[in-house]
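Below you will find one chain, with nothing else, as structure tokens; this is the form predicted alone, and questions on how it binds or moves follow later.
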């Protein structure tokens, strides 16, 4: 199958590579020409624009940073809509606004192009290993068409509902992740300040009801004071901004999410937006005078 993959960052590059290794013809485009080099070396075809990539493909994947980026890739100059054929499918795997996603799907549909929103969880490790969790919104028949490609990229693939439902599920994921990072940071700080080994506390908690992937992975990051990014603070902040904007539109109170957002804001204010969002621990420590 001919596939386009647009957006070759920390997530998109290994995802495109996995599709190539699965035997598909992958046409790639990235804003930075050097991002395409390892993919071309693996057999992918480099394209000068999203338009050119889309013109070659039946299925067009996008994996970029934010809502305006998706809009530009799809509808801007040299965007997907100027190359995609009627009957093709756009699969946006970015994390963006649910309401904007519904608008994009409607605008693409008017041109005879189907759309799925399919944001992911699992970080760069999941992207490399093809073990992502993929949350999909869109028409069931389009999901069935793309599902074999999703199976190359991930292991937990759920069709959540109609357009935008995947983005809502991803927003829920980001709420849970942020608040769990906050909880782990507070718990390990509490242990340390009580002169109890936080590593042993973590080991004890991993065997009980408090166990989680966040405690396992990010808890270890906190113990090691190692915040090399799997998922950057600035991107988590962007995601929670989407959550809180949607909550504002719906009149919802999300006080825990608002707190986590302020801690992410503090990291960006300290010029630490490129660190993994587990660095919320650094904010908790500073607030405690550590």
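From a predicted model like this one, the values you see are computed outputs, not experimental measurements. Residue numbers count along the first chain shown, from 1.
There is another form of this protein, the form predicted together with another copy of the chain, and it is not shown here; the text below is about that form.
In the model of the complex, residue 142 stays away from another copy of the chain, with no heavy atom inside 4.5 Å. Contact between residue 82 and another copy of the chain in the model of the complex is not found at the 4.5 Å heavy atom cutoff. At least one heavy atom of residue 135 is located within 4.5 Å of another copy of the chain in the model of the complex. A residue is said to contact a partner when one of its heavy atoms sits within 4.5 Å of a partner heavy atom; residue 51 fails this definition for another copy of the chain in the model of the complex, lying far away. Heavy atoms within 4.5 Å of another copy of the chain in the model of the complex are found in one stretch of 70 to 78, 83 to 91, 209 to 217, 103 to 111, which is 209 to 217.
Though another copy of the chain is absent from this view, in the model of the complex it lies within 4.5 Å of a heavy atom of just one residue from 235, 46, 55, 247, which is 247.
Taking a 4.5 Å heavy atom cutoff to another copy of the chain in the model of the complex, the contacting residues in 234 to 268 are 243, 246, 247, 250, 251, 252, 253, 254, 255, 256, 257, 259, 263.
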